[in-house]
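Given next, in structure tokens, is a single chain: the form predicted on its own.
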Amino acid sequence: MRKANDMKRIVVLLAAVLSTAALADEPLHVVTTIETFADLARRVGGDKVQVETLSHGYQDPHFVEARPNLMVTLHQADLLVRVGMDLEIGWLPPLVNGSRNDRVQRGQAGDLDCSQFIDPLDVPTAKVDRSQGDIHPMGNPHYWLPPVNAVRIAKGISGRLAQLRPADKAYFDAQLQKFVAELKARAPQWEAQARKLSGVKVVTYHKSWSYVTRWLNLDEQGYIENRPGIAPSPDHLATLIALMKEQKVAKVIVEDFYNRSIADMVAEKAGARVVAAPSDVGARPAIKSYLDLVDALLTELNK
């Protein structure tokens, strides 16, 4: 009887060891809130990750429908990678709560807020309230487009993957360096395109291009939405058009997902050109990676 019990314990222990080993070989399930982060996670995670995204690049990331199937996706996640700075405040919290997944709750190792890796812009210096529009108290959350920030985000994701799977740290480090090398190879082309844009005067539809205008040294003159997320008044548009004529503003930048009718009207009256600009991987069928996204954005801006 004693030998039989000992044998049972050995079998149970062996099964547990084999189960743990099998889990260690399974890809980490990474879920991101935007498609650009999904691409970065795939690049630094390689074949050690399985990546899904909760939104699509052709959507406004402020407004994503919190569908039940997204809770199921989050329930299976080992890591949630989010923009933070309240970009997803209107839709992500109920999904996380409804997922019943302790791994991805705030403050856990499976929750990664990528805003910690960048230097925030447009941080309000006075009290913020909803009458001022969609103003983010922690700063502008549209930070992922400039390459310097993409590298910081990729490095942050790589570090968290290594924390969750320490045995694969060397692999994640190598994948990160491969991505950085790809960016360096593309840098001369991007820098040549950026030089042509330096000092160009622009107006943007939503105050979401601050990181891009700083990166490219574009001269922001104003915004179609005088209060973010709130339709502009006729008086504001008249004032903006007059300013654009006076300052000889060349371009009006508007994300692909916005209705262009107001931007087209403002540009026509001011003698400017509308730039329909992609802001996320997946914004257009041809934009399948971060590299594609930067290529497409710089091409549109230089037309």
Partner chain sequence: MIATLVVMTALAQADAGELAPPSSLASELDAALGAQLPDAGSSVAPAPTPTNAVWRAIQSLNPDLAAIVDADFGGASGAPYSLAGDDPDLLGDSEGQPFGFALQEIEVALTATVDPFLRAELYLAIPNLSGIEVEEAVVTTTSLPAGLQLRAGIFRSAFGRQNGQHLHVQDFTRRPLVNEAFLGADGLRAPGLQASWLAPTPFFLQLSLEAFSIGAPEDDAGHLLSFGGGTRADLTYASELKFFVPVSDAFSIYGGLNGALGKTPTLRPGAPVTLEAVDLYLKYKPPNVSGGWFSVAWQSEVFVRQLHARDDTEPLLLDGGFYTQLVVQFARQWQAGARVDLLGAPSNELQPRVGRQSLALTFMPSEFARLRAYVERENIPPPTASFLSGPETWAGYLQLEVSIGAHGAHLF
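Everything numeric here is computed off the predicted structure, so don't read it as measured data. Positions refer to the first chain, counted from 1.
Beyond what is shown, the protein has a form predicted together with the partner chain; the following relates to that form.
> Would the partner chain in the predicted bound form be within 4.5 angstroms of a non-hydrogen atom of every residue among Phe63, Lys184 and Gln193?
Looking in the predicted bound form, the three residues Phe63, Lys184 and Gln193 all sit within 4.5 Å of the partner chain (heavy atoms).
> At the 4.5 Å heavy atom threshold, is Trp209 in contact with the partner chain in the predicted bound form?
The answer is no: Trp209 has no heavy atom within 4.5 Å of the partner chain.
> Please tell me whether any heavy atom belonging to Glu220 falls inside 4.5 Å of a heavy atom of the partner chain, as the geometry stands in the predicted bound form.
Flag for Glu220 set to no.
> So in the predicted bound form, is the partner chain close enough to Thr239 to count as touching (4.5 Å, heavy atoms)?
It does not: once the partner chain is placed as it appears in the predicted bound form, Thr239 has no heavy atom within 4.5 Å of it.
> Mark Lys155 yes when one of its heavy atoms lies within 4.5 Å of a heavy atom of the partner chain in the predicted bound form, and no otherwise.
Flag for Lys155 set to yes.
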